[in-house]
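What follows is one chain in structure tokens, specifically the form predicted alone.
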């Protein structure tokens, strides 16, 4: 039966609402407290790939639109042991990424962080979150999934794992896309080399240049779901990593001042709400997952 596009979009928005509500339910059960997002700040994630900075003058000082709340999450753990946030992010990617179907210039991450957590513990939380969200959507949104023609099954835990080195040997440089297309279930990509990740990802003390981090990769070619890991938290380690990545320490002086006073060890991740919605709903393009989408290389959106 033909279903009008407007009716499909209503179904998508209802599923996304359930994704966000069930995410909150799960994290509250796990002892997390929701905090409000940071939209504008003198510090934000420098990222390890090219984006255009969204910088504004705030009383004569350069402030940036948030690319991710990673640095603020670490600081927030000085106050609360487990935090999460639905964080609006602005990442103005190059136009070449438009055709990949999973990039937005403006998107929302469910960003969480836990004090004294290990990568293993935070991966278990990630698996529990994904399983809870999918099971809840199947239970509460059967009409919407039927309208979208999407059949879902709850993934089994623990999720499979593959190292970055193994994936690169099998799939080459474009390993995310190729790996995702080969999968039938969500899979962890772990142990990235230091050279391809950010300065705050913690280096394994037993394996130099290997990070205690991870990405979760969706099956069916939907790409990366979430990214995270353990964090560097001592001032000397953070300074060393900034130097290794040739980043200007002066741009992070507020963060470094807090690190000097002490930030706790932690682990966490951010999972994109629009990407999760796209996967759950089986959408072709990520711009179908939200109202007023802004995609790389396109202008004219409201």
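Residue numbers count along the first chain shown, from 1. If you're wondering where the values come from, they're calculated on a predicted model, not measured in any experiment.
One more form of this protein exists, namely the form predicted together with ligand ASN; it is left out here, but the text below deals with it.
- Checking 185 to 193, 107 to 115, 168 to 176, 203 to 211 against ligand ASN in the model of the complex, the stretch whose residues place heavy atoms within 4.5 Å of it is 107 to 115.
- Contact annotation for residue 124: none of its heavy atoms lies within 4.5 Å of ligand ASN in the model of the complex.
- At least one heavy atom of residue 68 is located within 4.5 Å of ligand ASN in the model of the complex.
- Mapping the unseen interface onto this chain, residue 91 counts among the residues with a heavy atom inside 4.5 Å of ligand ASN in the model of the complex.
- Residue contact with ligand ASN in the model of the complex: residue 269 places a heavy atom within 4.5 Å of it.
- Out of the listed residues 257, 247, 40, 47, 47 is the one that sits within 4.5 Å of ligand ASN in the model of the complex by at least one heavy atom.
- Residues of 224 to 256 that come within 4.5 Å of ligand ASN in the model of the complex, judged by any heavy atom, are 227, 228, 231 in sequence order.
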